[in-house]
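In structure tokens, the next block holds one chain alone, the form predicted on its own.
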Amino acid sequence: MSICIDPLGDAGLTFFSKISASITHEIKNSLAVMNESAGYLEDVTLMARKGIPLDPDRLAALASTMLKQVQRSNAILKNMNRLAHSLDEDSRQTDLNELVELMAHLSERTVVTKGFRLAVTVPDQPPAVFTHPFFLQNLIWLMVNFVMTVCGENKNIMMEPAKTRTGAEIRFSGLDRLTDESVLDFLAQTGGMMLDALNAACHPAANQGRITISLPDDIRQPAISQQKQ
């Protein structure tokens, strides 16, 4: 028996599974460091029982290492929790500063592993739109993976949300190899479907190395321009 999943749901499952895999890998790394520290602490305990003097500086460094890994793991789990709760409602008022920064953290391992750098600049006044946060997170993740294929040789990508007259936008720049053809390929796949689900529009500017996602102020109202150039 085959199980049928609609394309949008399938894209969401793919996104969630890849992010989950990345997160569990990061947690595993933290646990490995803590396990190594615990092993050393056990050795120190045995040495102390034999009357060997303890090294306070080494113990302090050990405690600091373990604390940092606990804090790192806690931050990773908080981000995962925020992602999971983005499905609590079909749509809601969403702070784009927070959402973009969250996706930068969740995409960090993928970006760094491939040798890229993703920098985020957010305005002092957070732009907000009434939208579906999970689909928007999915779209940003798709965009991050796409722009890495058209980034310049310095491999630096900039992501920046901004308020507009009709809603908000998220700009990706540093895309020196962006072409209209590459954008069409992206839109022909899951990217175009996710844009439709968000009533959003894609505006590439290949000559400026930039691509912009325009979001309506309210997902229930289509964006002013739906041209996907």
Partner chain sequence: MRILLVDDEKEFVSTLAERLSLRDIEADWVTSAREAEQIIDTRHYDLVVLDVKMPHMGGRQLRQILEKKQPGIKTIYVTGHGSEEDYKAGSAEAAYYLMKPININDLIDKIKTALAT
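Numbering follows the first chain given and starts at 1. As the structure is a prediction and not an experimental result, all values here were calculated from the model.
Here the subject shifts to the form predicted in complex with the partner chain, a form of this protein not shown in this document.
For the marked spot (Asn35, Lys68 and Gly115), a heavy atom within 4.5 Å of the partner chain in the predicted bound form is present in each of the three residues. Contact with the partner chain in the predicted bound form, defined as a heavy atom within 4.5 Å, holds for exactly one of Ala60, Ala48, Leu31, Ala188, namely Leu31. The stretch in contact with the partner chain in the predicted bound form, judged by heavy atoms within 4.5 Å, is 37-45, chosen from 200-208, 180-188, 167-175, 37-45. Not displayed here, the partner chain is approached by His25 to within 4.5 Å at the level of heavy atoms in the predicted bound form. Using a 4.5 Å cutoff between non-hydrogen atoms, Arg72 counts as a contact of the partner chain in the predicted bound form. Not displayed here, the partner chain is approached by Arg109 to within 4.5 Å at the level of heavy atoms in the predicted bound form.
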